[in-house]
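Starting off, we have a lone chain in the form predicted on its own, written out as structure tokens.
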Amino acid sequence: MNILTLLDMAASGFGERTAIGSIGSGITYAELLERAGRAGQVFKDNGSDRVSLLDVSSPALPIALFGAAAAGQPFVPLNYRLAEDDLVALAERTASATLVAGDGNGPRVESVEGITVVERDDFLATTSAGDGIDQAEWPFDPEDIAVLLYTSGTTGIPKAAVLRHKNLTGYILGSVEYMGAAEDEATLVSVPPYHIAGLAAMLSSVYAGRRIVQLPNFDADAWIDAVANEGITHAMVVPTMLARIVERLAERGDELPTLRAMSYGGGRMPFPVIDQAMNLLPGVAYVNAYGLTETSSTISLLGPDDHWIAHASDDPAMRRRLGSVGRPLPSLEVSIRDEEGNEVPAGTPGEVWVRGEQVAGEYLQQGSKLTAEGWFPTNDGGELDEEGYLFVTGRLDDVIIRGGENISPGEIEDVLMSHPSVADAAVIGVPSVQWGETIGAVVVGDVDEAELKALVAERLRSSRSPDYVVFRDELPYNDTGKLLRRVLRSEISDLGDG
């Protein structure tokens, strides 16, 4: 099955519905299918091996994504925010490719051998009329590569994650109801095209029949205005986005009556942020979606009922559930394993392993990272409670080893964030000759250092209390909401004795 099949089903079921843009001036599902076929013909005529996109979120994204599928070529979105040298390096790895470029990005890569640049406006004009690839010529091999996504590269050189058609369609078929969206539903996509969440939102909305409104670049005021002006019912954000939205909503006093559902993911959600969001927008169904690029997006969901039950509860154990990522999707298996790969009991921390049709676990030129039994070790630390709720503590690479003791930054960050004067916090290892690593905390907020150390010692134990506390006006995140711990390490590495 090809992801283009999802669009074909949508065009057959509700072809006259608006797929992309505003009602009355957007692109219908039937038109999107036709334009994807024309785009596929453009890509085949160019003789390239891949289709790339160097652009903000625009109608060119779905046309190029489905057009690549029609042409039988992998779709490779590139990060337009990269520095010139890094962008050129990725473009060289992507060649040979037809690259759709917008916002003046074409000249940045046009010198790369094997890259054929097509400007966004020309691409949209070309695909608005004419003949496309005949449906009888569509490729349908589920093993073909649908998308190559470069990882964010927060800790090293980006890897190209391989997502095959079977992975993406497996995710959609296992988690989305066909034609499940009401005709008035609209989703606001504000994450960039090179983020798995943006592509997953596109595919999910198409299969459900939901209108897609794209926000080219995230801005909290523009996001709020788009929700109000376009009658947005559904939206997906990363935690840093929601923090800014909540701040502006509190200042502006907007109520956003059309908004029905808000999903979030891509990083740890600070409890004060989601708590305030639920207070400001009490009529919204909140969903915490945890997933990875290598798993074609979502692994587990904390649903609306769980959010509101935990939000209203005085029971600390129940309130803690707001910090979980919910239960695994029915189509997936999740297991917590120790360092030897053995499954551990509920309540025991370890590494999150996942298995299912949507799980790719593969990188270009590196091959599959799946075990012989089909499991993908995610390198995320976590645990499952007795009721099957998954708690993710962070990347195992971020674990601090102090005097031979493994310390998860996440548990300390949760305690720091519980202080009412702390807006954000990150915990990292600081090199030490005596201990190997000591604990460094970088905090945003106006609070006494000794008070924070005492709070952690009281909630956890003294060995978990930060050895160093540094205050900053803000923490460094990339544009997809990932905390840049390497930046913090470079900034405070000289504090220790290592």
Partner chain sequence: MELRPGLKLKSAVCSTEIIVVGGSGDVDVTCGGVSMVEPTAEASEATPVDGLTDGTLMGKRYTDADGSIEVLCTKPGDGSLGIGQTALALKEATALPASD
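Positions refer to the first chain, counted from 1. Because the structure is a prediction, the values reported are computed rather than measured.
Keep in mind that the form predicted together with its partner chain is not shown, yet the notes after this line are about it.
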Worksheet item: Among 113 to 121, 289 to 297, 243 to 251, 74 to 82, which stretch has residues with heavy atoms no more than 4.5 Å from its partner chain in the model of the complex?
Response: 289 to 297
Discussion item. Under a 4.5 Å heavy atom criterion, is Ser12 part of the interface with its partner chain in the model of the complex?
Written reply: yes
Worksheet item: Going by a heavy atom distance of 4.5 Å, is Gln214 a contact of its partner chain in the model of the complex?
Response: no
Worksheet item: Even though its partner chain is not shown here, does Glu177 get within 4.5 Å of it in the model of the complex, heavy atoms only?
Response: yes
Worksheet item: Would Met1 sit within 4.5 Å of its partner chain in the model of the complex, counting heavy atoms only?
Response: yes
Discussion item. Check for me whether its partner chain, as it appears in the model of the complex, comes within 4.5 angstroms of all of Val399, Ala425 and Tyr477 - heavy atoms only.
Written reply: no
Practice prompt. Tell me, out of Pro282, Pro345, Pro330, Gly104, which residue has a non-hydrogen atom within 4.5 angstroms of its partner chain in the model of the complex.
Written response: Pro330
Practice prompt. Check each of Ala277, Val359, Val109, Ala197 and return the one that places a heavy atom within 4.5 angstroms of its partner chain in the model of the complex.
Written response: Ala197
Discussion item. Do any residues of 197 to 225 have a non-hydrogen atom within 4.5 angstroms of its partner chain in the model of the complex? If so, which ones, in sequence order?
Written reply: Ala197, Ala200, Ala201, Ser204, Tyr207, Arg210
